[in-house]
Structure formats: structure tokens, C-alpha cells
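To begin, one chain is listed below as C-alpha cells, in the form predicted on its own.
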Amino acid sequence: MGDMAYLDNGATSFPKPESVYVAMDTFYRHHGVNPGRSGADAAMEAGSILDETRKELNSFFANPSPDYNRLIFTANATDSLNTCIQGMVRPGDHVVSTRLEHNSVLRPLHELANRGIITFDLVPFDGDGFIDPADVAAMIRPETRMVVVNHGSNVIGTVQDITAIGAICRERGVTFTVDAAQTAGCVPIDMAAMGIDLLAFTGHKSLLGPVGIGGVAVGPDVDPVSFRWGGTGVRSAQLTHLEQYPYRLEAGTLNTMGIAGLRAGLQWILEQGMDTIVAHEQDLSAKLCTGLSDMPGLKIYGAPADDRHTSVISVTLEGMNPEEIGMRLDIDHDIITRTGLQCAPLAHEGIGTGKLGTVRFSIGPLNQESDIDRVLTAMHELSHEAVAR
């Protein structure tokens, strides 16, 4: 990492805990064969790591299904959300979502609507970045198949009241899908208590694993259909894809090294304690927001560092566009951020930054106060330069 201050953990966490690097290297050196494709010891050991990771994640998310094979692996959160959405909707169905969503939800919905398969409505958010569960309820129709909601905004960090929305979906008999890309690993998730049917997550953000691995925790009351078919290493003489989990939603060779890294990330979180991690990130978020709040021309979006927000903070600076700010932070100060629309155009439209977007700072568990001090020094310099223009 060198002398870089990395504050783009909302895109991918970096650096990873040392144990993640060690676990991946050890796995591939000693167990890097195809799991479940033979009776060899190495293949059995690789398969065991997959099974144990499924069990641990199924428990971590409190999936009400005791069948840990309903924890299926995907390539990332986008893959997971496509598995949920395309796996559940049928021609003529209606979907309710929100204007806070990432394109990993918006684009599948628009694509399916453009093909004439579904219709959908998007719930607006208020001035503080929150969805009113009553607005979700008001949009549900008799033909509504699914409600899909972003748990934590990747633009302004607001964490939605998933439990209230889940209760509405249960009452109406509607499948509830939650996009936990930004919250899995840094916000407690209890599928049973929250009424979540399908939980889509990625491994490379707050779960501290590598890129290229994600998953879906499938609750006991839903059975998405697969839109991929192929090899499973099981019952190879059967010419149709298997219906049982996890094969129902998995096909081909899995990213076994990525799963080993994901498991190591999860174990690190459990060892540290999520409460400890969250408190650390909130302290750094509060320090950053306090330091930014008195800078001339600077506006903060989604600032409060409390349990209704992740450590994602977006800002704009009058007189200097976000792209220039991000470039200056990188080149002049070795600070890494994310600028622009962050793949969530309607969220930016809602906060009035739909043309150029924002500068997004996203704090992770391995950031330190020195990183925040460096950002504040750099932003102080840029804010005064912008005012002088």
C-alpha cells in the first residue's frame, strides 16, 4: 500500500487483512484443484472449504433455512442480483424498487421491462436519503412479484429500515430481495428477523475478501429458477440441470480460491467483532465530517456517522468539479477516492448531483486517523483554491 491513503472501500476494500492473503496463497498451493470432481483427497479438502464457508455465511446472515446449501456462490453482487431478479420474475409480473438503487438493480429491471416481461415502479427517497416503508406498501399491486431494496446506499451511505419493509412484504406475500453489497460485513443482517427472502452480497467490499466472489442467501420460502445450466460434477449422466441446492443456481467450476479468501475475511470480522469494526469506522467518519463541515463552498451528502449510515460520505465543492478534485487528491496527495455517479444515477438525481456526481470517501476497517488527517489537509487546500477562482 505504501504511503497511499485509500478511501475507496465502497468500491472494494483495500488492503485486506493479512490472513486473507495467507489463506488464498495456502489454499491454492495445497488445495487448488477442482472441488467435488473426484474422490481424491485434495478435491475432497477443496470441497470441504466450500461447505464450511457456506455454513458460516448462512449462519452469519441468520438465514431461516437450516439448509446451508441454500447459500450459493456467484461472481459478484451484480451476478447475485441478476440471479435473484431473473430467477424469480415471470411475464406480467410487477417489481417495486427504489431510486437509490445501483445499476446492478436498475439495469436488469429496465432490460426486462424493455423486453415486455415486467413492469416496475421506483420509490423516491426523502431529503435525508431514506425510503418510507409506507411508500413501498403503496406501490405493491396484486401482480407484484418482488420488492428489491438497496440496504445501504453506495452514494450517501444511508441504511434503510429493512425490517419494516420486510414485514410489509411478508404481509402482502411478496418476495423481498435485499442488495447488501454495501452492508454485508459492516451492518448486522438477520434474514429471519428482517423478513428477507433473498440476500445478494459481494465478497470484496466489507466482507474483506477478494474480487470475483459473491453470493445469494436463499431463504426457505423461495426457489429461484436457474438461467445457467452446465456441469456440476454430480450425476453427470443426467442431461438436465439439477434442481437441488446449491447446484440449482450454480454451474461450472467455482472460484474456489476466492471462496477461501472470503472465508478468511469473514473469520477476521468475527475475531475483531463487528461492533468494534463499526465503532472504528463511525469514529473516523465523524472526524472526517466534522473537519469537512466548516470548509468554504463544500457540501456534504449523507454525513451523520450513526447506525443509520455506513461510512460512505459524498461531497461537492463549489467551483471545482468532482473529477478534478479526485485527480488532484490522487496526484498531489496520494489519496484514492471515487468520483462521478458511482453507478447510481437516480440517487444522484435525487440529491441534485446528477450531472457531475460527487467525490465519495468510503472508510474501511484498516483506515487510520492519519488517513483522515491527510484528507482534511488536502481538502482544506482545495477548498481555498476553489474559493479564490
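For every residue, the number given is its place in the sequence shown, counted from 1. Just so we're clear, the structure is a prediction, and the values are computed from it rather than from any experiment.
Form predicted in complex with a small molecule: not shown, discussed below.
Engineer: Any chance all of Ser285, Ser311 and Thr337 sit within 4.5 Å of the small molecule in the predicted complex, going by non-hydrogen atoms?
Structural biologist: Answer is no for this spot.
Engineer: With the small molecule left out of view, choose which of Gln182, Ser97, Thr256, Thr158 has a non-hydrogen atom within 4.5 angstroms of it in the predicted complex.
Structural biologist: Going through each option in turn, the one that passes is Gln182.
Engineer: Given that the small molecule is left out here, which of Ala77, Ala260, Leu71, Val147 has a heavy atom within 4.5 Å of it in the predicted complex?
Structural biologist: The residue in contact is Ala77.
Engineer: Specify the contacting stretch among 122-130, 97-105, 229-237, 167-175, defined as having any heavy atom within 4.5 Å of the small molecule in the predicted complex.
Structural biologist: It is 97-105 that comes within 4.5 Å of the partner.
Engineer: Does any heavy atom of Thr83 come within 4.5 Å of a heavy atom of the small molecule in the predicted complex?
Structural biologist: Judged by the heavy-atom cut-off of 4.5 Å, Thr83 is well away from the small molecule in the predicted complex.
Engineer: Would Ser206 show up as a contact with the small molecule in the predicted complex if we use heavy atoms at 4.5 Å?
Structural biologist: No, no contact at 4.5 Å.
Engineer: Give a yes/no on whether Gly152 approaches the small molecule to within 4.5 Å in the predicted complex, heavy atoms considered.
Structural biologist: Gly152 belongs to the contact set for the small molecule.
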